[in-house]
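Only one chain is given next, in structure tokens, and it is the form predicted on its own.
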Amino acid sequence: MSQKPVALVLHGGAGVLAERAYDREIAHLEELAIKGRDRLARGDKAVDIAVTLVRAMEESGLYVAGKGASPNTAGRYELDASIMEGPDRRAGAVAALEGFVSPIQAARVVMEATPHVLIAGAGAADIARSHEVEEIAEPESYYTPAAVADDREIATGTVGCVVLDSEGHLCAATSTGGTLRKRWGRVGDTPIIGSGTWADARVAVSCTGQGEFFMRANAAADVSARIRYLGASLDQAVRGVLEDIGALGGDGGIIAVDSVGKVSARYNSQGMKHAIAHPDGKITAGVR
């Protein structure tokens, strides 16, 4: 009996500048892709791999997520994350979460330990605390912003992971500190199931970029819809959604993997930090 294909894709955000090098980030993503590939070869579950790899990105301080997040206009660190599994479409998300090392772990708690999909603010903190998600003792000294906003841009650096495991299960996970200079209380596409994250029997999708446009396009779920209703290939679907976002005036990137191991990592911005573990075991990584 032939072995089922496995694959994963990681992104470290589509908010890149042409004049900056991203060697550390790409090396880190490549290292994580290798670890993910090895875990897939051992038969580990997609959800476990996705959470582990996203948490590693949150803790690295290299991206505008987790430790690398920046404070909002009120000086507070409000972070968002979501996770979704196919084919049963279980999902969990947290929005405007303050004071925890790994928002993606808190999102998983919402998915697995509550009847809800999205919990925000103090309610998200309460459920995370009650399930012993690691807390941050001193936020002012913990966070080391990975990007600094200037007049040229609203910088973004969401992280994400999509996985197809050896059982044929798909999972998508996404985490972010949000756009720089955001108003306190602002929530983007990352914790909105269907906008920033999606997984079903066909495809797993994670998005990065200007969240308001991804919400208006219902971007992540639209990738699956184009495959289901238009008969589009995975890459055609991803390109089509990015064209839609561009027509609205937005930019960013999308990573996706489908049920047969095809992968896509596309963007309409200056670039997207990403790494891929292909079905044949090959690892590729880059910004463009």
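Remember, predicted model here, so these are calculated numbers, not experimental data. One rule holds for the numbers: they count along the sequence shown, beginning at 1.
Missing here is the form predicted together with a small molecule; even so, the following discussion is about that form.
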| message | Tell me which stretch of 127 to 135, 93 to 101, 210 to 218, 108 to 116 has a heavy atom within 4.5 angstroms of the small molecule in the model of the complex. | response | 210 to 218
| request: Using heavy atoms and a 4.5 Å cut-off, decide whether Gly194, Ser206 and Ser224 all contact the small molecule in the model of the complex. | output: no
| field | Any non-hydrogen atom of Thr158 within 4.5 angstroms of the small molecule in the model of the complex | value | yes
| request: Find out whether any non-hydrogen atom of Arg186 is located within 4.5 angstroms of the small molecule in the model of the complex, and reply yes or no. | output: yes
